[in-house]
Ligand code: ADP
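One chain is shown next in structure tokens, namely the form predicted on its own.
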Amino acid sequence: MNQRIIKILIPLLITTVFLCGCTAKEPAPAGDFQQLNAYQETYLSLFDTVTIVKGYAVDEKTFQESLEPFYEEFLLCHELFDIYEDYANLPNIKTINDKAGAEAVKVDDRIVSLLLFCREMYEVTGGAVDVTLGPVLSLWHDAREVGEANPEKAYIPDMDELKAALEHCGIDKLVIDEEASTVMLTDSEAKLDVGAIAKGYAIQRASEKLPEGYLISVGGNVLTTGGKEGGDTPWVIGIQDPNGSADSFIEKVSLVKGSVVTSGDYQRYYTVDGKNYHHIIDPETLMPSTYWRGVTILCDDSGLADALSTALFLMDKESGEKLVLSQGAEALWIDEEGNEYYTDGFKERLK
């Protein structure tokens, strides 16, 4: 299948365990022992970032075959959840946006499931994570594109335009018919932007196609399907220092099975008059949030972790801690001065 070439973003989380040269043994059917070798595959064209999958197998062919169901599912989710590109005979989120105010769109059940989850996360986060904020985010996206391409022309979206765009946002404008598998936006100028949730949701879904003991790293999202070699040995995952280089870690955490997701202000941003403006927009101020430099979530589900990392980035620590603990998750916050704050459960996982 043809794939479009996209811009590669540096991951916010970086796995610190490199598998090359590592081996393990497990019983072979013949009564002898098989040596498991460590392998890694990299994809550059999914969800606007670098995807790395690591795991153990008897040989390269076996490893590659084990990845095929994962890749097919992840690629399909990438296309279905895309808000910028059309795909032949595949109605997606962009299709819903294009037909806003005109008609309901019959879509794959993956889109229905995603949007039901998004609506749930809107309620759980008190509106902090709102996939109907597309009209506002679109103005910021356009400004960032200009700022990145032509720094001398960089600008901040006009507040009156942002407020006007907000009039076309609202979860009540999203109508989902589960039985018919259709989705409609009732306002012709409404737009969905699922960027705060879609990647984590897709990783979780696609990971179910992998054997136990694999690690997936997709930008700021890391998921493990079990301990290394399918056992209980945890993976070690580095959390990038917001004030350091891409390969400098402020902390490292151990993870056997589950997800680690970070939202931060230090990767996707542009500069206007010497000030950086990142991509995580507060629905209340319509401006980039200034509470934190980075928020990292530990929990079982990557979709939930994605939503929570965004939500906590947009609120004070007391509110965020109450929210994250209510969802059975753990969190790390890093502020402007580099101070770190943890939930008790997160601190226990530090290496």
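Values in this document were obtained by computation on a predicted structure and should not be read as measured data. Residue positions are given as counts along the sequence shown, with the first one as 1.
Just so it is clear, the following notes concern the form predicted in complex with adenosine-5'-diphosphate (ADP), a form of the same protein that is not shown.
The site is open: after superposition of the local C-alphas, no atom of adenosine-5'-diphosphate (ADP), taken in the predicted bound form, comes within 2.4 Å of this form's backbone or C-beta atoms.
Screening 115, 128, 93, 185 for any heavy atom within 4.5 Å of adenosine-5'-diphosphate (ADP) in the predicted bound form leaves a single hit, 128. For the options 234, 258, 195, 238, the residue carrying a heavy atom within 4.5 angstroms of adenosine-5'-diphosphate (ADP) in the predicted bound form is 195.
Proximity of residue 78 to adenosine-5'-diphosphate (ADP) in the predicted bound form falls outside the 4.5 Å heavy atom cutoff. adenosine-5'-diphosphate (ADP) is not drawn, but in the predicted bound form it has a heavy atom within 4.5 Å of residue 314.
The shortest heavy atom separation between residue 267 and adenosine-5'-diphosphate (ADP) in the predicted bound form is within 4.5 Å.
Of the heavy atoms in residue 253, none are within 4.5 Å of adenosine-5'-diphosphate (ADP) in the predicted bound form.
Checking 223-231, 133-141, 68-76, 103-111 against adenosine-5'-diphosphate (ADP) in the predicted bound form, the stretch whose residues place heavy atoms within 4.5 Å of it is 133-141. For a residue to qualify, one of its non-hydrogen atoms must sit within 4.5 Å of adenosine-5'-diphosphate (ADP) in the predicted bound form; all three of 280, 306 and 310 qualify. Contacts with adenosine-5'-diphosphate (ADP) in the predicted bound form, taken as any heavy atom within 4.5 Å, map within 256-271 to 262, 263, 267.
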